[in-house]
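Single chain ahead, written as C-alpha cells, the form predicted alone.
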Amino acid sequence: MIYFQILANGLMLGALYACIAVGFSLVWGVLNVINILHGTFIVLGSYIAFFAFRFAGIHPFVSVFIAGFVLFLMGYAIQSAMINRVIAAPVLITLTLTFGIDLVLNNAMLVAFSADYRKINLPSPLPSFEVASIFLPGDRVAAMGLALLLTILLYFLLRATNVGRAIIAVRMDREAAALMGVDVKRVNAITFGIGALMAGATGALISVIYPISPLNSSAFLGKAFVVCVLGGLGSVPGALVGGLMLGVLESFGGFWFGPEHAVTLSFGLLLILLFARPGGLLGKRGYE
C-alpha cells in the first residue's frame, strides 16, 4: 500500500511540475526563446500570494488570478520593450538577454525580500482525507486540481480562440503568418505574457506547499527544462505527461534512494532522453 501512497504523492507533485513547464515550453516553442526568467517569474508569483495573504488576507488560491494578471503584464512589457528587439537574433542572444534580466530581477528580490525562506501558514487549511488507506492532504489536492485546470485552459486557448490560432500560426511559420495579416510582434508579446502568467499562477499554487525564497528560481527553471525534454517541446499534452512522469519518478526515487537523489534521477533521465528521443514523448511541430 505504501507504493500507492508514493504514486499519489508523485501525481500531485507532477501536476505542479506540468504547470511549471507549460508556459516555458510555450515561449520556447513559439518564440525560440529559452526564457531563463521563468524560474524568477514563479518565485514572484509566490511572493505576490504571500504578501496578498499577509496584508489583505487573500487566500493563495485566489491570488492565482492576481499573480497571473500581474505577471502577464510584466511578461508582455519585457517582451515588447526588450526581447522583441532581438527576437530574430541567434538563440544565444535571446538566452543571454533573458539571463541578464533574470540576474537583475533575482537580485532585486534578494535586496527587497532577503534570501530567508518564508511560508504561508493558513489558519484554516483544507481538511485532509483518506481514500483506500491513501492519505491525501486537502491543500495539495486542491493545488493539483487548479494546476491541471490551468494547463487544460491553456490547451483550449490554443485550440479554440483566435489568439491561440495566431500563436500556432507564428509557431509554425512566422513569415507566412505575417503575410496573412498576423501582427507577429504583438503575438510574440502575448505569448511571452501567457508564459509569465502560467509561471505566476503556478508560483501562487506552490506557495501553499513550499517555502518561498529567491533562491528557488534555479530549481524551478531546472524542472521546466526536464519536463520539456520529457514531454516534447511544442506540446501542451506533452508538458502534462512529462510533469506527471517527473513527479512520479522523483517520488519513487526519493523513497528508494533517499530524497537527496531525486534531482539526480530526474536529470539522469533528462540525459538519457536527449540521446534516445531528443524530440520528447509527444513533441510535435505545432500546437493542436
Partner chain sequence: MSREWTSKLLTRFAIAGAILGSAVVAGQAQETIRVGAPLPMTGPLAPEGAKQKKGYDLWAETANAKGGIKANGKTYKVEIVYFDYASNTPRAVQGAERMITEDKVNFLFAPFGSGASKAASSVSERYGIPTIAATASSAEVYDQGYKFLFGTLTPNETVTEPIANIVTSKNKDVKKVAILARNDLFPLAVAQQMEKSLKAKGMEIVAFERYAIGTMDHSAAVTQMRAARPDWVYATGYVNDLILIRKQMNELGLRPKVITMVAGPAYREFAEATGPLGENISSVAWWHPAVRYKGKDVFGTTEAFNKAWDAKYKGEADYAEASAAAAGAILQLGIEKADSIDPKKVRDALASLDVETFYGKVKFGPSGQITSLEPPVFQLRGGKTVVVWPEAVKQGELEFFK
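Residue numbers count along the first chain shown, from 1. In this text, the rigid core denotes the largest set of C-alpha atoms whose superposition between the two forms falls within 1.5 Å. What you are looking at is a predicted structure, and each value in this text was computed from that prediction instead of being measured.
In what follows, reference is made to the form predicted in complex with the partner chain, a form of this protein that is not presented.
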property	result
Distance check, Ala219 to the partner chain in the model of the complex, heavy atom within 4.5 Å	yes
Contact test in the model of the complex: Pro237 vs the partner chain, heavy atoms, 4.5 Å	no
Contact flag, Leu148 vs the partner chain in the model of the complex, heavy atom cut 4.5 Å	no
The partner chain contact at Val111 in the model of the complex, heavy atom, 4.5 Å	yes
Those residues of 127-142 which, in the model of the complex, come within 4.5 Å of the partner chain by heavy atom	Ser128, Ser133, Phe135, Pro137, Asp139, Arg140
Core fit, then Gly222 C-alpha moves 2 Å or more between this form and the one not shown	no
Threshold 2 Å Cα movement between this form and the one not shown at Phe257, rigid core reference	yes
